[in-house]
Each structure stands twice: as C-alpha cells, then as structure tokens.
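What follows is one chain in structure tokens, specifically the form predicted on its own.
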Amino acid sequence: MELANLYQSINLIIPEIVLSIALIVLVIADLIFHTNKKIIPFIAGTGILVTAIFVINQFNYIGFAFSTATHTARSFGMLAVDSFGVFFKLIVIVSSFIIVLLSLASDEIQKTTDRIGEYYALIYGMILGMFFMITATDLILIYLSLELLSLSSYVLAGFTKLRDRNSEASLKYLLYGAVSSGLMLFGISLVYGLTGSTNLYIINTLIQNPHINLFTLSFATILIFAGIGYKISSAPFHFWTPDVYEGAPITITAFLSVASKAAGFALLIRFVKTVFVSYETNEGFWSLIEVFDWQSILVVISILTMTLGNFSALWQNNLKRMLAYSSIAHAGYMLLGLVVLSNQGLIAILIYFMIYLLMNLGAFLVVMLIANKINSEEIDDYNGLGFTSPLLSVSLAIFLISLTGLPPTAGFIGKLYLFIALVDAKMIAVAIIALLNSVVSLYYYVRVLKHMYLVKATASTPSIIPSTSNAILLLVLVVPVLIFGVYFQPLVEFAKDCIVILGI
C-alpha cells in the first residue's frame, strides 16, 4: 500500500522531476561544452517546454502527494496538486521561457558567456523552488522551497559583476532575505509548538480549539507573513526591491518582478485559504476561523503597499528603479483581491497576473533593448526616442498605459475585476483609495512618454531597430495586451477554471 502511495506521489511531482533532470543535463552540458556554450540556452528552453507539457497534463487533477499526516480518518500530504497550483506553475513556466529568450538578447548576460551554464542552472534552481512553494501544504516544505528560491536569486542578483551596484544588489538582497527568513522560521516554530503539527490542513482543525493561545498564534502568523511579504514585495517588507531591481541584470529583475511574485502570492493565498478558512458561503465568500483578523491586516498592508510604491515612483529618474516601485504598487493592487476573501477576488488576482506577466515583461524587454544600445536606463536619456525608434517607443507606451490601467489595454480589465470584487464585498472606501492610487501612477508613467514624444530628437538621439527575433518577441507580448483589452472573456473563463484549491 505504501509503495502504491509512493508511486502515486512520484506521478504527481513529474514536473519537478523533469526540471531536476533538465538541471542535471544543464550542468553536465556546461562541463562537456566548456569552449562553446551555445547549446546551453537551447537545453534550458527545451527543459522548460517539456515541463510545461507535464504541468498542463495535471490540469483539473486534484490530489495529495506524500501523504504522511493523518487526521480524523483523512490523510493529508506535503504537496497539493490542484488547478490553482497548475495556474501559477504555468505563470512561472511562461515567465521562465521568456526570460531565456530575453537572456539571449541581453548584452549584460552575453558578456558572461564563460559562466552561462551557472546562470541557467541558478534559474532552474529558482523555478524548482517556486514550483514547490506553489504546491506546498507543509510549513517545513514551504520554508525549504522558499530558501531554494531565495539562495538561487541572491546569486543571480549580482551575477554579472559588471558594476559595483551588481554586488550591492546581491548583498542587500541576502541581508533582507536572511532577516525575513529567520522571522518566518521563528513563526513556524511557534505554530508547531502550539499545534504539534506542520501540516496546514491539520493546523486548520487544531486552531479551532477554544483553548488555543490567540496572542501567540497571531504573533506567529505575522512572523510567517513577514517571510511571504518579503517575496511579494509588500510594505513594510519591500525595502530591498528598488535597490535589487536596479542593480540586478535586467533579465533577473524581470524574472523577480513576475515569477517570484507569482510564487509568493500562490503561497500566501494557499496559506490563508487552507489554515484560516472554515467554509465557503453560497455566494463564494470565505468564512474565517475567528483566531486572526486577516481582512483588517490585508487592507492596511495593501493600501500601504500601493501608496508607498506609487508615491516613491514619482521621484525616480532610473526606469528600472521606477518599475521596481511600480511592481511594489501592483503587489498592493493584487492584495486587494485577497482582501475581499472571496472566489470573485481570487478570480480577479488570476486575471491580473496573466495580464501583469505580459505588460511587465514587455516593459523590461524594451528597457533592455534600449539599454543595450545607449548603455543607460535613465529616463532623461529617452529624449526623442519616439521619433527615432518607433517600434520600441510605441510598444513601451502601450505597456505603460496598460500598467496604469487605462482602456483599451488589458491592464484596464485586470483592475476592473479587482474593483468589481471590492464593490461586491461592499468595500467602497478601499476601492476609492485604489482608484486614487491609479491616478497617481498615471503621472510617472506619462512622464516617460513625455520624454520620448514631447522632447525633440537631436542628431545624437540613437535610432534603435531591434533584430527580427527581438521584434517578434516584442509583438508576442504587446499584441495580447491590446487584444485582451477588448476581448477578455477567455482570460475570465480560464481564471474561473483555476480557482480550485484543494480543501479539507
């Protein structure tokens, strides 16, 4: 019987096994082809595509892997495979594949070809950590997967070593990560001391005991949230983000802003839904166990995150740093979907993530292609580019308008569904604050457009024409932003199919 369970569990982690095999192949290929490493990116891209096939095969499947914990005649595993997890794994897969393509076009990465094998191996380490984070239902596995993701990303943040700021980014990331990781581990130890279990489903049952120490449980929960909040760049755990985003290679900045954030949100949503929700109402609202007021905490953190992100972005002259603060603000918007504690809010988060992936990676792609040519990310150096580099400038304009949330771009649809969820939950005041924040964000996004289109080009203004492959990749990202702004029903239907989280 145990062998049968082990066989079933291994079947459920085939995507992770494929990733691990691809990682080993990458390392071996790096050792064999140490003089000509052109095959390394091809192996990395192929491994990601093969993993995607096995992830898609798990769609609509529900089950536990490595069932060790039993409670009330039911067994619970360390991993939960469900449509919700598959959705976030696909976000990570798509982001990772685009990052491989971006890396091929990045001058920063191409200058480190002697270490390119290590670069892709570390990216695979991040992907593997994110996959386990997305599906983990045990506090120990959550911590281990978070560390696997973090350790790989610390190295990648300072990977190129071309400038002092690369090493500074890596060091700051490590220091902030170590502190938040320590806080999270302390919180986990407190929860284990209170309940005697690390399984989220069993903790859900045990914390309903009337004799549970509510102060200690609340304190432990806040400490655990510190670790998760650091990953999603929510205030007040966001201080590492601007320095790391500015100092890291553009490809890694883009990867952290989408994939790492997605894994963090998947972990937070699963943690809240599994541990603190007792049942769902017929209207799709979640009824919380009365041991910790998640709604009030999340309202404060989401408002603080979006407000700090937007107002800090107003003063930035470096586009990567501006996009870092913009990323913090978007984390605040996405937290609004969790604030309402309902399936409608969860659908809004999933829709937002699909759109956020396209517009954020697209914006970083344009920034990278321009930086390759002018060796600068300063907004003042974008003067007149609208006249000399039309494809890049128009694409960046579309991405920035979408990030603002203006129609007819897909960004408008993402925010629309968040506001609908807030209105359904009768949280009108929070919706108005979020709307005002969107107005603030319009200023710093339009500022970039002003430099590109309202400042005349001079003789020194470069003309940047991307290669055919880069132009195709750019169009693959920009066209859906426009299409989904008008025809968004497929996104909504897909999000509705993916809100299934394995419950008790």
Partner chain sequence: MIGFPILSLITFLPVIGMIIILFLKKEQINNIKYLTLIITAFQVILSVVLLANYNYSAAGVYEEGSFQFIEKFRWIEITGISWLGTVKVDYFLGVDGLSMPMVLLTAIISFIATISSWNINYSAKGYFALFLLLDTGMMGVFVALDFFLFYIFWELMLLPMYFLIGIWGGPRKEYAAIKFFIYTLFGSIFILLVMIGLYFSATETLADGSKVFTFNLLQLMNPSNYNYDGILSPFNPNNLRLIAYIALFAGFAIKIPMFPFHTWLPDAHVEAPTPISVILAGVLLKMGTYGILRISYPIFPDITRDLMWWIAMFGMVNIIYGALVALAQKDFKKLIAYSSVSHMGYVLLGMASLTSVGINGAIFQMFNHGTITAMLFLIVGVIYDRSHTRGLNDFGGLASQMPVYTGFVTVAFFAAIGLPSMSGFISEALVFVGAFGVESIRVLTMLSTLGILLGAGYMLWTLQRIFFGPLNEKWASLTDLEFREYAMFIPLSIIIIFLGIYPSAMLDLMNTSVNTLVQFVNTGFNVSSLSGL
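Positions refer to the first chain, counted from 1. No experiment lies behind these values; they were computed from the predicted model shown.
Same protein, other form: the form predicted together with its partner chain, not shown, and the subject of what follows.
With the partner omitted here, the residue from I14, L482, V492, I21 that has a non-hydrogen atom within 4.5 angstroms of its partner chain in the predicted complex is V492. Interface residue among F292, F412, Y176, F84, judged by heavy atoms within 4.5 Å of its partner chain in the predicted complex: F412.
Heavy atoms within 4.5 Å of its partner chain in the predicted complex are found in exactly one of 425 to 433, 266 to 274, 76 to 84, 303 to 311, that being 425 to 433. Heavy atoms of L391 never reach within 4.5 Å of its partner chain in the predicted complex, leaving it off the interface. By the criterion of a heavy atom within 4.5 Å, I32 is excluded from the residues contacting its partner chain in the predicted complex.
Using a 4.5 angstroms limit between non-hydrogen atoms, F225 is distant from its partner chain in the predicted complex. Remark: F387 counts among the residues lining its partner chain in the predicted complex, judged by a heavy atom distance of 4.5 Å or less. Contact annotation for 341 to 363: residues with any non-hydrogen atom within 4.5 angstroms of its partner chain in the predicted complex are N343, Q344, I347, listed in sequence order.
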